[in-house]
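Presented below, as structure tokens, is a lone chain in the form predicted on its own.
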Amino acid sequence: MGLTLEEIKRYSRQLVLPNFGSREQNRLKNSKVAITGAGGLGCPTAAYLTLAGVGEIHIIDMDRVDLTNLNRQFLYTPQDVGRAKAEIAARRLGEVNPNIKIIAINEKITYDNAFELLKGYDAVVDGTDNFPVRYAVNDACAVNRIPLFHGAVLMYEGRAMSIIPRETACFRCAFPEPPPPGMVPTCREAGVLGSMTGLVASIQATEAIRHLAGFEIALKNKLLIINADTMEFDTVRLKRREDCSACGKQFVSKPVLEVCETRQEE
């Protein structure tokens, strides 16, 4: 399906970019993306994918809006406190761009349902805030061979990496096991700088948009670490492990127990 005249005008600032034409915009239009989490990372990634013209976006989150979310989760207002995040986010973004399809999935992602829940997508953008769900999303994308764009924020630090199954290191390649319970503080305990979530999410969205449009992406086999104290951007080189339980020669189911749950960003 080609672009309408209204879409050509809406996306005109993208369409005049070098090497970005109607073919690339149509690739975005025909893409289907899941965003896991509608919090500090999920709000801006969902917004940028919506504005870019990704044709179908599914927002998966079972949380409800809390007043403490409002320093960074800009899709919500004080009047939304207590209401389902995914539903509010989907409705607001649908008003911004009525040309695309946005679906709210008010469901908790677990290791038991992730493999079925995350099927049939062209990409998954990870905005989850705890290790059990993060590993579940990684393993499901590895098994289903879906590109995964990971991000995390805690205090003044942000991280991002792009995962292309069977081609790059996955999250488990970099972090085979979660940290012991209590080693990493929660964002309730340590805090999170709201603007850092926007910075990391913008990087996730940029990588996802470029991949969906058919461009090369920058964070293959790289973990980007951003320090807001020094405004330094460091890159750690990664290597896919053949013995990785998620993306190695043989998949091994390794759910992370809820007792290990540590919320990094919510």
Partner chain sequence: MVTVRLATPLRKFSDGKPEITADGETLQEVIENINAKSPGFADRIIENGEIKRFVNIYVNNEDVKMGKGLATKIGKNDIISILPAVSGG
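A quick note: this is a predicted structure, and the numbers were derived from the prediction, not measured. Numbering follows the first chain given and starts at 1.
Another form exists, predicted together with the partner chain; not displayed. Remarks below refer to it.
Contact annotation: of the candidates H211, R241, R64, R27, the single residue with a non-hydrogen atom within 4.5 angstroms of the partner chain in the model of the complex is R241. Taking the partner from the other structure, the partner chain in the model of the complex has a heavy atom within 4.5 Å of a heavy atom of N130. Interface residue remark: E216 is not counted as part of the site for the partner chain in the model of the complex, having no heavy atom within 4.5 Å. Contact between R159 and the partner chain in the model of the complex is found at the 4.5 Å heavy atom cutoff. In the model of the complex, P98 stays away from the partner chain, with no heavy atom inside 4.5 Å. Contact check at 4.5 Å (heavy atoms) against the partner chain in the model of the complex: none of I59, L118 and I146 pass. Here the chain stands alone, but in the model of the complex its contact with the partner chain, taken as any heavy atom within 4.5 Å, falls in 130-138 among 130-138, 76-84, 90-98, 103-111. Although the partner chain is not shown here, in the model of the complex the stretch 5-27 places no heavy atom of any residue within 4.5 Å of it.
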